[in-house]
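First, one chain by itself in structure tokens, the form predicted alone.
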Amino acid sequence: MIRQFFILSSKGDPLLFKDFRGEAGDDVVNVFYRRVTALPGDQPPVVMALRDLHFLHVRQAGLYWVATTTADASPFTVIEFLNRLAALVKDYCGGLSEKSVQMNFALIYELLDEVLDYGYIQTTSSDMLRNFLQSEAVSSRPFSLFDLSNVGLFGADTQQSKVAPSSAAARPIQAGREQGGRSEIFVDVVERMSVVVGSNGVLMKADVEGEIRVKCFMPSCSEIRIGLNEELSIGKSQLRGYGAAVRVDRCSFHQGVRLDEFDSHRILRLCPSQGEQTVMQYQLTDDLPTAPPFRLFPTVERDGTGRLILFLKLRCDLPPKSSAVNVCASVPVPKGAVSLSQELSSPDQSAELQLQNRAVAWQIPRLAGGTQLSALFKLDVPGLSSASMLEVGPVGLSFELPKFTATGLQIRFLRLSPVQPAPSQRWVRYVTHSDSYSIRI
């Protein structure tokens, strides 16, 4: 049983508040935020108690999603509900941010009235809720000149219009034509890499966690069939097929996925509901099929004036047609560093000394496969000694690899059954993110 529910911004501003039973005071929002900010560390506990009132929260899109309950409520049930509610808001509002919550507060209040009755959870199914919601989502999409790049001479479509932009799926599931609402289905293969590379360049650890997400914008879709690599093997079983081997250590599936054709043909069958759902999760440990995407060649020394000299050469080992975007190398530096001078190999790069984090952040907007970039940093560190030079490193990399999967998992086909009478579009997208990519110096 939930007493109150509210959403707070990262600064503690209340965006939405609903009291289901009227049994607590109005200061529960301030009490929660004071307790969260007073705790040390960046990850406060999800459950906190204050006398007979329990605060349970999750952090989604930088927002606090908080519910208050009594002692007899199951915390696991409430936490799962908060995650599902955040997913519902994302589906019906087209995105999850402070601005989208503020612009769609009426729709979210209506959504709360349907999923909770006097604090008791009723349903979180988007298929059932769409029959009861009357408010329409308000989406704010700023004008961009990039939107005109898909229009050719006299309004003709260009080749670029056949590629779905990254923001194509960020719209309400009940969007009308004026909001870009079309009969579409998106299948995203998203992977996160955790890599540790030793100072000698030897790979010490490599873990990949991935998932296949389906976001459906079709009002009626009886079944979809997703074909994966025929060569995909699970665990230590014998390799399959005749192509390049694709292996994952373990995997799990959504409860709605039918697996009667998975063992024989690696086909997933499901009847998706409108909105986003994760149909498959998988993991690969310490056995990457290819080399890590980046190799770093660092040089750390001290010049005659006592300054710290840091020379970095970053090489991208992706295929030539691939590229990495939003690359950031964070290099911890000794305490007491006061200034930074830099020499970068290309004008689109940037670097800054972050005194609060005691690190140099090297930003690279785009790095093509098979190429390398370099940077020379000179730091003024008063009292620099041999012991303080040991504080340099390890280097942490964050990046995004579009159209690339570290495991080699691919979607062979995406079919609708039966064939939709109205024209529909199907999109398959791949992306790999860095979860924790550390290179020791």
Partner chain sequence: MTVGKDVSALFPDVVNCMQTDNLELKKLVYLYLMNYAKSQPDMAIMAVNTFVKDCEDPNPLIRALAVRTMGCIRVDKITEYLCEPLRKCLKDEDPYVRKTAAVCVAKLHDINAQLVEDQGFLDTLKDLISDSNPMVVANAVAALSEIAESHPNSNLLDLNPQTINKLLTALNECTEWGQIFILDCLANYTPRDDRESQSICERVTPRLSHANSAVVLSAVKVLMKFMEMLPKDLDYYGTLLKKLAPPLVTLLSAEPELQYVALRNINLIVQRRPEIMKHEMKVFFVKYNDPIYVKLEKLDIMIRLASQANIAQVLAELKEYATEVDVDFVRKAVRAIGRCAIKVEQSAERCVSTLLDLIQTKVNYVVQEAIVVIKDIFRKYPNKYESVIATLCENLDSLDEPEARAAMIWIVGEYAERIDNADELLESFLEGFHDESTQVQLQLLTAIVKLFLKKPTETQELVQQVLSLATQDSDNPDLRDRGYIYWRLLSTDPVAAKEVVLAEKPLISEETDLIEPTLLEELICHIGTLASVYHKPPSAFVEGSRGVQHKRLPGSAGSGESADSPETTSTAGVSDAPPAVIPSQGDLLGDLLNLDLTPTTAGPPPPAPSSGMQLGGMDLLGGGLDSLLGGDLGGTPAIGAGFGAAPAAVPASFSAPVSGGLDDLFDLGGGVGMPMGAYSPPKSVWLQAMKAKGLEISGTFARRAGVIQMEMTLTNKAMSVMTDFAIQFNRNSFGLSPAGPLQVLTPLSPNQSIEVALPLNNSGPVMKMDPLNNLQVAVKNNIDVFYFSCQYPISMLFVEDGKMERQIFLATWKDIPNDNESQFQIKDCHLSSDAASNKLQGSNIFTIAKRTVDGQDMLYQSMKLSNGIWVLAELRIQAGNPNYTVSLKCRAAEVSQCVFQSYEAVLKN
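We call the rigid core the largest set of C-alpha positions that still match within 1.5 Å between the two forms. Positions refer to the first chain, counted from 1. For clarity, every value in this text was computed on a predicted model and none was experimentally measured.
Unshown form predicted together with its partner chain; subsequent notes refer to it.
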- Item | Triple contact flag 106, 134 and 252 to its partner chain in the model of the complex, non-hydrogen atom at 4.5 angstroms | yes
- Just one of 348, 286, 301, 263 has a heavy atom within 4.5 angstroms of its partner chain in the model of the complex, so which one? 286
- Item | The single option of 290, 194, 183, 326 touching its partner chain in the model of the complex, heavy atom within 4.5 Å | 194
- With the cut-off set at 4.5 Å between non-hydrogen atoms, does residue 79 touch its partner chain in the model of the complex? yes
- Query: Do residue 12 and its partner chain come within 4.5 Å of each other in the model of the complex, heavy atoms counted?
  - Reply: no
- Query: Does any heavy atom of residue 276 come within 4.5 Å of a heavy atom of its partner chain in the model of the complex?
  - Reply: no
- Within a 4.5 Å heavy atom cut-off, is residue 66 in contact with its partner chain in the model of the complex? no
- Note on the structure: Only one of 91 to 99, 362 to 370, 290 to 298, 122 to 130 sits within 4.5 Å of its partner chain in the model of the complex by heavy atom distance, namely 122 to 130
- Message: With the partner left out here, which residues of 89 to 117 have a non-hydrogen atom within 4.5 Å of its partner chain in the model of the complex?
- Response: 105, 106, 109, 110, 113, 114, 117
- After a core superposition, would you say residue 77 shifts its C-alpha by at least 2 Å between the shown form and the other one? yes
- Message: Once the core is aligned, does residue 107 move its Cα by at least 2 Å between the shown form and the other one?
- Response: yes
- Core-aligned, does residue 131 move its Cα 2 Å or more between the shown form and the other one? yes
- Query: Closer or farther: how do the Cα atoms of residue 13 and residue 354 compare in the model of the complex relative to this form, given a change of at least 3 Å?
  - Reply: farther
